[in-house]
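Just one chain is shown here, as structure tokens, and it is the form predicted alone.
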Amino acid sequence: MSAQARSGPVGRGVTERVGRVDPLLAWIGFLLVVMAVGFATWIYQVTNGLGVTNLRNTVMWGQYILFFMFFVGLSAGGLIVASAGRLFGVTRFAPIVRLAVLEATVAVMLAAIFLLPDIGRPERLWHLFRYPNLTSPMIWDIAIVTAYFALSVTYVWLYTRADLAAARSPLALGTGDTPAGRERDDRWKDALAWIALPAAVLLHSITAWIFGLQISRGFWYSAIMAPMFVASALVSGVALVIILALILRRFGRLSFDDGLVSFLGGLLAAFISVEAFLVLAEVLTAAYPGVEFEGDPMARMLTGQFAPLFWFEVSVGLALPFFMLARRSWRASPRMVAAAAGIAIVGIYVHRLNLVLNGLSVAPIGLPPGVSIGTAQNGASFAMSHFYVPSLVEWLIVAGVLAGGALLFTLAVRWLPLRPAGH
């Protein structure tokens, strides 16, 4: 065959098909590369110790714990949406319930994984279970995270196993696609909803008590910490469900009308207003004249080095998305709702960042030379304060964990039936 013949329409078609890259495979390949880089960086950190990060004795909780808190909130918010819709008969949630449960499962798994790089000696992780301190909120949190993960996985299985059985998938574990089987699954879903809703609230409340029960740190020691964490979980969880639902609808994996988007936008605005009220109540109480143990951290947050973070949280993270969602006509636009949801998630992240940095930046000790931060050659350097900025090592490990979560979610969306019957 001549070269001209090979370059004809048929030849060009073959060349185009061979040269075309499947976007899904390209996305999975990218995630695998990021995961590999993150895992290699974690091995480097384990080998050389936490000194390769910017964590110090003053700021011992940083990016890893921040993302742990953040994903606990994302998970709790997702499952609250799913279980509350079933308990209170909000039928318009039906098209996104499976997505919300799946998002909650992946998020709580990532939250647990973020604890690993925060431990300098991960091979001793089993000591937490062998020698638990039952008075420590950290042990309570590990217990509720484990139970919550098992509950979320069971929830996902219950919502999808009948459809998996109809497709003859081995993941159905022998459950048949029969009216009796679906009716039995519905009863189990109703029963688990009564457990899932308080478990989701308890999950984020216990995480809040890790901070709120530290008597030595007045900035954290507050009864309002738990309700504030639950409110922020509702904001971030609902916001993430909105964004994921719109993305999956665009790719044809979900089907729902814009009325649901508008309803979720209004719900998100209500949750944002509750979060804003709790922030105002906390700031007013702590900044009231004469509250000495709260005075310094509140001054740092309102007018000091952390003021840019706080005012960004208030103006951009709370006020802006609320006003974007306050008008019914604006909520009618899915793009507007998605943009407000994304901004709200950023605002909750900044809130978590300010909470950790402001609470740990100044050592709870009144006399110099302060606390050893281990930056000098002989390790004898001391400081009363330390401004923490995550190192490249921390960012690469975080990116690797996030890529792992994105890969798991992608595969689950690809293979699990997210559309309920009739949608």
Partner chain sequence: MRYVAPKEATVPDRRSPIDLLPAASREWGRIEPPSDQPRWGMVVDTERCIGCWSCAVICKSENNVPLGAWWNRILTEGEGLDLPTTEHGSEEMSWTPLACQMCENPPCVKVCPVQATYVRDDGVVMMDNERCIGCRYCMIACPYGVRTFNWGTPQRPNGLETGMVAERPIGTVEKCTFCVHRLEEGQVPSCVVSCPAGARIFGDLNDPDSRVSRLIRDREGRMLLEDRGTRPKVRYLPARRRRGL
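Numbering follows the first chain given and starts at 1. Only a predicted model underlies this, so the values are computations on that prediction, with no experimental measurement involved.
We do not show the form predicted in complex with the partner chain, though everything after this point is about it.
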Response to the item:
Partner-free chain; cross-checking the partner chain in the model of the complex, the single residue of 191, 215, 284, 223 with a heavy atom within 4.5 Å is 215
Worksheet entry | Interface residue in the model of the complex among 91, 133, 329, 303, criterion: non-hydrogen atom within 4.5 angstroms of the partner chain | 133
Discussion item. I'd like to check something about residue 119: if you look in the model of the complex, is any of its heavy atoms closer than or equal to 4.5 Å to a heavy atom of the partner chain?
Written reply: yes
Worksheet item: Taking the shortest heavy atom distance, is residue 355 within 4.5 Å of the partner chain in the model of the complex?
Response: no
Discussion item. If we define contact as a non-hydrogen atom of the residue within 4.5 angstroms of the partner, is residue 38 a contact of the partner chain in the model of the complex?
Written reply: no
Worksheet entry | Interface membership of residue 57, the partner chain in the model of the complex, 4.5 Å heavy atom rule | yes
Worksheet, complete the sentence: Answer among 67 to 75, 122 to 130, 311 to 319, 152 to 160 for heavy atoms within 4.5 Å of the partner chain in the model of the complex: the stretch 122 to 130
Worksheet item: Is every one of 48, 360 and 373 within 4.5 Å of the partner chain in the model of the complex, counting heavy atoms?
Response: yes
Worksheet item: Even though the chain is shown alone, can you say which residues of 343 to 370 have a heavy atom within 4.5 Å of the partner chain in the model of the complex?
Response: 360, 364, 365, 367, 368, 369, 370
